[in-house]
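Below you will find one chain, with nothing else, as structure tokens; this is the form predicted on its own, and questions on how it binds or moves follow later.
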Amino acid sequence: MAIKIKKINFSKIFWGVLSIFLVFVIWYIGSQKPSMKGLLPNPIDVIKYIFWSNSNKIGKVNIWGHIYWSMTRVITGYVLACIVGIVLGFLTGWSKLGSAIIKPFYMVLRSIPSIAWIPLAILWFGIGEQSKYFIIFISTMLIVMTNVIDGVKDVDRDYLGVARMLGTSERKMFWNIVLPCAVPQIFNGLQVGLGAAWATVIAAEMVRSSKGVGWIILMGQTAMNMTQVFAGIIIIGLIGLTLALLMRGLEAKLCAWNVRGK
């Protein structure tokens, strides 16, 4: 049996690499201006600092320790948010009773920025890990829930009409029509939610923490160590990109009929 090999888009890779190279060139030129001294570090120094932090501690742990703490917080809050968001999303989008009960609270909560929950989380759960889990959970859950609701609402009503005409039960329609049709939109919510969870944990760590990538940036700002600040920003960007690519790869495997961003 012939093996299908995916064609590599070298043109896309070339322009992507070129754009990154140009950003670093502009960054380097800007860092050489006297007016930017102390504000914009040399990109080479930032890269050297990142490699240095692999084997040297920044605070209590090295860079991998900080990444571990941030990812642990993200995964805990994200998984809980996905479970609750998917369940509530289907209840709101598919059940009239569920919509009547849940939607008023959902409409209020979705208009509140995630950063606004930080003071309340600290008051309710203290300055420990629970407050960070809660902030990630509440911000991510609403994103996942929104996409699930949209996925249910976007199901072709002709499919449901034909199924009802043939005597299909509501339960069978949900499992055989609604759920499969909503899966691509659910994955969209999972991907957006993962990005939001990563951004939220950084904000939470910058408010109160002793470990984490957000803490690296905060301590760099406090010490006026802009090399450390920019190193933290680059690490955040690289991890965010990696998480997005992993979700796209998972989506390509499970939703091959509806892959986005080709």
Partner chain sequence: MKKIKVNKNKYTVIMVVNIMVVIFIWYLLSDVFKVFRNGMLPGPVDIVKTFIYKLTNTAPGGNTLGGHIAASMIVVVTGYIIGVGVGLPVGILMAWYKPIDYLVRPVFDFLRCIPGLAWIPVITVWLGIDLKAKAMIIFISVFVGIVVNVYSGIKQTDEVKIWVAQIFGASRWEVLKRVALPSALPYIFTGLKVSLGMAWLGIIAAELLAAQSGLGYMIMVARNFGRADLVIVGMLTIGLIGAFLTWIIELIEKKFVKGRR
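No experiment lies behind these values; they were computed from the predicted model shown. Residue numbers count along the first chain shown, from 1. Note that the rigid core is defined as the largest set of C-alphas that superpose within 1.5 Å between two forms.
There is another form of the same protein, the form predicted together with its partner chain; it is not shown, and what comes next is about it.
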None of Ile115, Val79, Met71, Val87 but one has a heavy atom within 4.5 Å of its partner chain in the predicted bound form; the exception is Ile115
Would you check, heavy atoms only and a 4.5 Å threshold, whether Leu120 touches its partner chain in the predicted bound form? yes
Is there a non-hydrogen atom of Ile83 within 4.5 angstroms of a non-hydrogen atom of its partner chain in the predicted bound form? no
Distance check, Tyr49 to its partner chain in the predicted bound form, heavy atom within 4.5 Å: no
Does its partner chain come within 4.5 Å of any heavy atom of Gly16 in the predicted bound form? yes
Would all three of Val25, Ile29 and Val148 be in contact with its partner chain in the predicted bound form, where contact means some heavy atom lies within 4.5 Å? no
Using a 4.5 Å cut-off on heavy atoms, what residues in 221 to 242 are near its partner chain in the predicted bound form? Gln221, Met224, Met226, Val229, Phe230, Ile233, Ile234, Ile236, Gly237, Leu238, Gly240, Leu241
Align on the rigid core first; then say whether the Cα of Thr242 has moved by at least 2 Å between this form and the one not shown. no
